[in-house]
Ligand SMILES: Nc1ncnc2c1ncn2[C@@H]1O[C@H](COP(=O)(O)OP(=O)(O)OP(=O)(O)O)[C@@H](O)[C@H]1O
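Just one chain is shown here, as structure tokens, and it is the form predicted alone.
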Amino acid sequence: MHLLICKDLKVSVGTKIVVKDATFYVNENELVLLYGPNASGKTSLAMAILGHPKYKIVNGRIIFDGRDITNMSMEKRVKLGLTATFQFSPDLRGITLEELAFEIASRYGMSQDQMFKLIELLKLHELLKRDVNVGFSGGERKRVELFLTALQKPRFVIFDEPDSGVDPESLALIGRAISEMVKNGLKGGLIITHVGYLAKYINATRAYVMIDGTMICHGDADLISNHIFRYGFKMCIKRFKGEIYELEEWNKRKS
């Protein structure tokens, strides 16, 4: 069953078109990768799915759990269980990570046992008494962002570049935590990535590639990931005299 469907999406910010053509889906209980170089429209797509008022849907539809949410407010989408982790989380001075975690957990009904399991999984003990993100490393910020998101018990998460600027240890911990979220009620996730280092730590099934605001190819997550690691983004689609050879066809020709 499709949990999230984006069909023929075209998105603008002011007078600029930032997403030209995006069609994809995420099934229930599935993690899907979205690859693309910087400034390819990935984060703009995420903002449109979340309903950020700055990102206007010019064309297309967004369906979540059988409901058309294309024109739904961000607040209503969040209440349906849509949320995201972001690349750049703010410093929160005057409140410790422990205080904020207990507040979020109590609001969303997460048990203390579940919360402390996440703390252990993400190795956050030494950060609990510190103000949120103040002086944290890049890897620590990403782990904290994932932790605070998990406490909200979301149904669907857009993970925006969780592997960007992250040390190898944090990368492995983030992968394990996402897998734990799936076991504990997360119904689906879209993992936006530029580098794809997280791919080997999670059980993603499919992957899409976005370049210049357009979905240019998709396929098996391992196939797409390995191809990008070897050849980069330019070879996801090869154009010869107007003909488009998709990834699998190009691989056949190389072999």
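Numbers for residues come from their place in the sequence shown, where the first is 1. Only a predicted model underlies this, so the values are computations on that prediction, with no experimental measurement involved.
Below: the form predicted in complex with the named molecule, not depicted.
Contact annotation for residue 214: none of its heavy atoms lies within 4.5 Å of the named molecule in the model of the complex.
Taking the partner from elsewhere, residue 227 is found to have every heavy atom lying beyond 4.5 Å of the named molecule in the model of the complex.
Taking the partner from elsewhere, residue 161 is found to have a heavy atom lying within 4.5 Å of the named molecule in the model of the complex. When the named molecule is considered in the model of the complex, residue 58 lies well away from it, no heavy atom lying within 4.5 Å. Proximity to the named molecule in the model of the complex, defined as a heavy atom within 4.5 Å, holds among 87, 96, 137, 112 only for 87. Residues with any non-hydrogen atom within 4.5 angstroms of the named molecule in the model of the complex fall in just one of 66-74, 219-227, 37-45, 195-203: 37-45.
If you take 10-30 and check each residue for a heavy atom within 4.5 Å of the named molecule in the model of the complex, you get 13, 16, 18, in sequence order.
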